[in-house]
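Heads up, the chain below is alone and in the form predicted alone; it's given as structure tokens.
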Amino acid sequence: MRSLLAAQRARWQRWLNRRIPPAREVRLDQRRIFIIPTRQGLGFLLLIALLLIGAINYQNNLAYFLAFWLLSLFLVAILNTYRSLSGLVLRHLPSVPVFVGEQACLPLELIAERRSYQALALGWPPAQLSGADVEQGGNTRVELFLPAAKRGWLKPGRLRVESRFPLGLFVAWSWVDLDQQVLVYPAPMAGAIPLADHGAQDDDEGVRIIPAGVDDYQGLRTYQPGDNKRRLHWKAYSRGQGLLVKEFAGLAGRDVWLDFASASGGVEQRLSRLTHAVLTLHQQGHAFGMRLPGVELAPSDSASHRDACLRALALYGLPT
């Protein structure tokens, strides 16, 4: 039975890929919109049937009128529910990387060119769908969230877009693939900085790595122009002691390297410790390089270097 259901789902996905191919911008039209009665719609249709049976049985003209008036309302609701999605444009927007355990934000833009759209619902079932409205000639940014459970690329798959407007008798929906994805970094794990060479002289110039690491607080000194403002001791300033800067034991010299082989624990723990080290060193303004099996990133203190390191950690060992 499970294999049969899996085969049916695979067949359904192939059919969807042909009918609604992946694209970063999708306009909903008759090929992309499906519509069926809701439970309320089926109950409404049953009510019409009972009224019609009563009208025939008692030859009551008023019952005939009410039954056919409700039937015409039911039929008109089909067109209006279809129009509540027809012509809507959905556009992919860039996402921001997150860490494991956080909520990943997958933004998109809804564009209404010809008419306004009310009571739209978007999301990935079985999670609750998010509501949205779009004014005629305008656009709306919608932010959808999913939990980031593991590192790598989070690809939510096809997005469900639906509307039950105006009467709730029908639901019109579509499954669109906007090629959405968000990069998930390993969750930072505090601990010793996994340096490539602990406490040894690097070269003849006296480059030295202090084993205590950059997390060890040493004391305060007077602020000098050019100091990292993130190290300012604001509590001392509020007490009238002037601008003081926190000092940490850290790295002396150049060519500081983070090394996967020096980290402790399993693969995921090592990646988490390296993630914490990358964030800590960048925050404190240290230039550093990073070595992973098969990957080496030259030392730098730029934000782009930090992002490259985090990306390498997120994708390490995963299929490309």
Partner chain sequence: MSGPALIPRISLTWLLAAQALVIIPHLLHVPTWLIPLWLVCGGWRIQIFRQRADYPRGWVKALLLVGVTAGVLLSHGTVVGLDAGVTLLLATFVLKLLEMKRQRDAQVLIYMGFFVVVTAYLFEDSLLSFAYSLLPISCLTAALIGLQQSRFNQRPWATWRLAAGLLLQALPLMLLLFVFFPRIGPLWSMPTPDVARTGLAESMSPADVAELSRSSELAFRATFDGPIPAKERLYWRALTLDDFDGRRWSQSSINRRANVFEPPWQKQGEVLDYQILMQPTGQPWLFALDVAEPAADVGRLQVDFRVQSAVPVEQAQLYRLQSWPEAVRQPQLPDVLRRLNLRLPSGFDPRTRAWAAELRQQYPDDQALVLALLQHFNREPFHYTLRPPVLGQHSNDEFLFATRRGFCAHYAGAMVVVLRAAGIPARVVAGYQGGEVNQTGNYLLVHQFDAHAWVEYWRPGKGWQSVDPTFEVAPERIEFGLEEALADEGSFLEGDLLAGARLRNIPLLNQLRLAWDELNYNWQRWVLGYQGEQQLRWLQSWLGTVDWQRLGLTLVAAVALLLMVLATWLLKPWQARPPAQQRYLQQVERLLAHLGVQRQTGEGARRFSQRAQVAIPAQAAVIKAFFQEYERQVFAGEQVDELALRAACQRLRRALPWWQRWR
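Here the rigid core means the biggest group of C-alpha atoms that line up within 1.5 Å when the two forms are laid on top of each other. Positions refer to the first chain, counted from 1. Computed from a prediction, not measured in an experiment: that's the story for all the values here.
The form predicted together with its partner chain exists for this protein as well; it is not shown, and the discussion that follows is about that form.
Participant: Can any non-hydrogen atom of L62 be found within 4.5 angstroms of its partner chain in the predicted bound form?
Facilitator: Yes.
Participant: With heavy atoms only and a cut-off of 4.5 Å, decide whether P166 touches its partner chain in the predicted bound form.
Facilitator: Because a heavy atom of P166 falls inside 4.5 Å of its partner chain in the predicted bound form, the answer is yes.
Participant: Might Q118 be said to contact its partner chain in the predicted bound form, defining contact as any heavy atom within 4.5 Å?
Facilitator: Because a heavy atom of Q118 falls inside 4.5 Å of its partner chain in the predicted bound form, the answer is yes.
Participant: Could you confirm whether T140 comes within 4.5 Å of its partner chain in the predicted bound form, counting heavy atoms only?
Facilitator: Heavy-atom contact with its partner chain at 4.5 Å: absent for T140.
Participant: Within 4.5 Å of its partner chain in the predicted bound form, counting heavy atoms only, one of 186-194, 121-129, 140-148, 100-108 shows up; tell me which.
Facilitator: The contacting stretch here is 121-129.
Participant: Given its partner chain in the predicted bound form, answer whether the residues L232, L258 and H276 all have a heavy atom inside 4.5 Å of it.
Facilitator: Judged in the predicted bound form, none of L232, L258 and H276 sits within 4.5 Å of its partner chain.
Participant: Considering non-hydrogen atoms and a 4.5 Å limit, which listed residue (L292, I35, V26, L51) is close to its partner chain in the predicted bound form?
Facilitator: The option sitting close enough to the partner is L51.
Participant: If you look in the predicted bound form, which residues in 57-93 sit within 4.5 Å of its partner chain (heavy atoms)?
Facilitator: Counting only heavy atoms within 4.5 Å of its partner chain in the predicted bound form, the contacting residues of 57-93 are N57, Y58, Q59, N60, N61, L62, A63, Y64, F65, L66, F68, W69, L70, L71, S72, L73, L75, V76, L79, N80, Y82, R83, S86.
Participant: So with the core overlaid, does the Cα of Q269 end up 2 Å or more away between the shown form and the other one?
Facilitator: Result for Q269: no, shift under 2 Å.
Participant: On a rigid core superposition, would Q283 pass a 2 Å threshold for CA movement between the shown form and the other one?
Facilitator: No, Q283 moves less than 2 Å.
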